[in-house]
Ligand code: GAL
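Take a look at this single chain in structure tokens; it is the form predicted alone.
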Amino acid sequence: MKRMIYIVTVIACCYSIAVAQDEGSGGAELDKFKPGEVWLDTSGRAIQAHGGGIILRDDVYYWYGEDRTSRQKTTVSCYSSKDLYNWKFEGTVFKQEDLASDIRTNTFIERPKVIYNAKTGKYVLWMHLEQGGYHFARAGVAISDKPMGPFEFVSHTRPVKYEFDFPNPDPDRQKELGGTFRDMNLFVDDDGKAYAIYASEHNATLYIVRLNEEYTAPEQPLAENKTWARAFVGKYREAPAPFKYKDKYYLISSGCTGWTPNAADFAVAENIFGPWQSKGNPCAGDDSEQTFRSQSTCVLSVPGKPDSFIYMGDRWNPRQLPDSRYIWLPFKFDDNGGIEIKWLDEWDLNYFSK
């Protein structure tokens, strides 16, 4: 996500969501995706699920993300859908007041992701917790018995300590507390093992960490390249969006250029811990060098279509964050294991039947 030391170019907002949020009168049923347009939920309000992700449980999709309506108090929202077009607001599943008392006042929430643990029957929420100055940089974990919450806070931590060449002095206190935890995602493999993937070392390196059986903390004992690994060392990648296809692991990520969009990167590995091989920018056409003015947040597998996926991105509007738009675009794998993401003004799931 876009922060701190970066010099940013601010894109002026050309639309206010105030009218859409005040209506609440029910929206027309949708049968298409229209990337970059205001996306209303079934009550007619603009969807607030930025930096989020989607899980599928019992034929229902649940979309979790940042509700940016209040700039001072980001909350985690949940929407449900059976067709991916029409989303019902299920409520706020986690808010600032649910954090531990020692961090509650000054801490805000980014990049919330939820996964289901089949062994425990729990829904597990991980999020990037931050404070002013962006030096807090910790993981927050919460659990729930139901996909629609509420989620109960478990802990906040920096998952991994690693002795690399820390700056001195280091306002992030990484030698003392562990590597920073910023833009993040979760991934559950076919064997049920789960992983947290996040930007660390002041965003210079991605960490990939296997979680314990409860999915609430790193698997212990930590062992580099066995239970966790450093990836894209010194490459400054963020906004990781992992997925799997034909026993290989794939990752779409963003560069670190503040709020300004940049070219995505598409990488592949035989093992989730790497080594990872970059395949370059997966986007093609106008605005492809800016990932269509978006930043990756998730890749969604299309049920029943093993070679088909949906790129989910955020078109951030830093002057009016609630009006940040969603960029969803389809892609398939070709015979050589490559992908190409192209801009479409509108599309539907019949795209994958062609």
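Residues carry their position along the shown sequence, with the first being 1. Small disclaimer: the values here were computed from a predicted structure and weren't measured.
Beyond the structure shown, there is the form predicted together with this ligand, which is absent from this document and is the topic of what follows.
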query: Which of these stretches, 84-92, 136-144, 255-263, 217-225, has heavy atoms within 4.5 Å of this ligand in the model of the complex?
result: 255-263
query: Could you tell me if residue 291 has a non-hydrogen atom within 4.5 Å of this ligand in the model of the complex?
result: no
message: I'd like to know whether residue 201 contacts this ligand in the model of the complex, with contact meaning heavy atoms within 4.5 angstroms.
response: no
query: Would residue 237 show up as a contact with this ligand in the model of the complex if we use heavy atoms at 4.5 Å?
result: no
field: this ligand contact at residue 172 in the model of the complex, heavy atom, 4.5 Å
entry: no
Heavy atom within 4.5 Å of this ligand in the model of the complex - qualifying residues of 95-118: 110, 111
